[in-house]
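Form predicted alone, single chain, as structure tokens, below.
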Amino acid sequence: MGRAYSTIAFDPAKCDGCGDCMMACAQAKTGTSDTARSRIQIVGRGNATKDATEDATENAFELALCRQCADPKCVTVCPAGALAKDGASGVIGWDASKCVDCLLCTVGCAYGGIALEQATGHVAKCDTCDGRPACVPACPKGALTYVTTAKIYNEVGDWEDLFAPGLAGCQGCNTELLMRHTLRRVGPDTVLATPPGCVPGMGSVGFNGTTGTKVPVFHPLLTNTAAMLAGVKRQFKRMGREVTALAIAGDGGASDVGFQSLSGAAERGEQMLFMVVDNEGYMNTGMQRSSCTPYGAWTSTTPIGAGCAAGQPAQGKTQDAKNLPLIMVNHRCAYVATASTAYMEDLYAKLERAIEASKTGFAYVHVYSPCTTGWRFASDQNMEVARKAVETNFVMLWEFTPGEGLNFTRPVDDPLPVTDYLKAMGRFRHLSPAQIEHIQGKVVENAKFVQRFSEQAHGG
């Protein structure tokens, strides 16, 4: 696998065009306050101004910055060899001693990332300040972030992919990403259980006589996954073989009909890693509601408009979601964590701890997994929906052990309003102001509850 590199990401919806990033860059690179000499340029579109409306601001500003391209055109068109990509850092470096000032590189770059600096008469471009870009912390709106997630792909990219190629998921679904990375990390000495749901539906148990994984896999009932996996693990121990007993189950089976099996195994401290892929419903069989489906959400069994509820038009699910990970905390499991595929480094760190905990007790990881089909959003928005869930505190990322208590791994001190998350999906499009107020209230209530739980665990 090729290397992946860190990069500066830009969110135009957050940018108000203040220019603080350009000022910071100019000071860092030239020692002046001349923003024309900044390597990063925020460019307004049309009549955009700082006073533009919120909707207009989303499309008001663009970024001119070197993307440090994998196949940089500026490098290929440079006749003097003055530009070269560093294989270790990924940064495209410029050598002044070789440059002939022909400016062909400025033509080759489609992003306006390299340009003539009038004060010096040479081209100038971003070098990411040796991995500590001055522009990022200077942005008061958080429109710039230095994305470092890529380093996990450099670390794990060459590990064996233990799923067969060609799994059959819905377009834009991130469950395949979750399955492949989880099994890649857990490793080949694994016995995998995948009860009915999206995971076997995508092909973990194979198609037409073929295998879906390179490790032993079985397909239990929704009701007995944890019980069967406990038996398998115990039999391997009797045989003197140390394997990781791994379940990848949906939220429906785990929180509803499979809960008795899950709860029993957790209470007994069975040595396994139980992962729940929470897409908030029975999504592969027709998008029915589960006990993890949030209040107000449309599903095929919690419709909107048609039908009546107490004489009123139905408006989605009328109950709040079951908080399964907190219920598992009350089982005093060896390890409990919540995770999201929008934060893969966080997920990998939790897998490390969960695998270790499963050698002596029950480890539980609850991963929030947006469903492009059932949640009704565009297939290219999966990660953005997952990220918004965390940024609004609709989903909180934490981990728990009996010895350390509950700790937040990605605290959000200033959460966005929950509407920023709800409006990203069609399943909430029908919500009334009263329903949105109810959801916002529950998000705040839940955040306070978990915060108090964490503080109590640490003597607060």
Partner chain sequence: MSTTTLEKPAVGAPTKQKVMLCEGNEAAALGVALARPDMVAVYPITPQSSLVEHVAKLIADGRMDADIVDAEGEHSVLSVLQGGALAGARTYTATCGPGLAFMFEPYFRTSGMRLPIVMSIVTRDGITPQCVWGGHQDAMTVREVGWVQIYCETVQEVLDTTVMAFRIAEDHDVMLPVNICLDGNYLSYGTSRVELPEQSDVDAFMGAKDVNWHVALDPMKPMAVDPLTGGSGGKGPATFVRYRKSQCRGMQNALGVIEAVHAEWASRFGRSYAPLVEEYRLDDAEFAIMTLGSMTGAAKDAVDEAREAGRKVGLIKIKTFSPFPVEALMRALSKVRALGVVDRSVGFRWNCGPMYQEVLGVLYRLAREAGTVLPAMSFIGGLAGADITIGHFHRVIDATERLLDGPAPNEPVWLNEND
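Positions refer to the first chain, counted from 1. Just so we're clear, the structure is a prediction, and the values are computed from it rather than from any experiment.
Just so it is clear, the following notes concern the form predicted in complex with the partner chain, a form of the same protein that is not shown.
Undergrad: Where, among 136 to 144, 186 to 194, 344 to 352, 69 to 77, do residues come within 4.5 Å of the partner chain in the predicted bound form by heavy atom distance?
TA: Flagged stretch: 186 to 194.
Undergrad: So in the predicted bound form, does any heavy atom of Ala96 sit within 4.5 Å of the partner chain?
TA: Although the partner chain is absent here, Ala96 would stay clear of it in the predicted bound form, with no heavy atoms inside 4.5 Å.
Undergrad: Verify the contact flag for Pro220: yes if a non-hydrogen atom of it lies within 4.5 Å of a non-hydrogen atom of the partner chain in the predicted bound form, no if not.
TA: Flag for Pro220 set to yes.
Undergrad: Heavy atoms within 4.5 Å of the partner chain in the predicted bound form: does Asn382 have any?
TA: No.
Undergrad: Looking in the predicted bound form, any heavy atom of Gly108 within 4.5 Å of the partner chain?
TA: Result no; Gly108 lies far from the partner chain in the predicted bound form.
Undergrad: The partner chain isn't shown here, but in the predicted bound form which of Val232, Cys173, Ala82, Ala386 has a heavy atom within 4.5 Å of it?
TA: If I apply the 4.5 Å criterion carefully, the residue I get is Val232.
Undergrad: Select from the listed residues His122, Lys214, Lys151, Arg332 the one whose heavy atoms reach within 4.5 Å of the partner chain in the predicted bound form.
TA: Of His122, Lys214, Lys151, Arg332, the residue with a heavy atom within 4.5 Å of the partner chain in the predicted bound form is Lys214.
Undergrad: Does each of Gly209, Ser261 and Gly264 have at least one heavy atom within 4.5 Å of the partner chain in the predicted bound form?
TA: Looking in the predicted bound form, the three residues Gly209, Ser261 and Gly264 all sit within 4.5 Å of the partner chain (heavy atoms).
Undergrad: Suppose contact means any heavy atom within 4.5 Å; which members of 228 to 254 contact the partner chain in the predicted bound form?
TA: Met228, Gly231, Val232, Arg234, Gln235, Phe236, Arg238, Met239, Arg241, Val243 sit within 4.5 Å of the partner.
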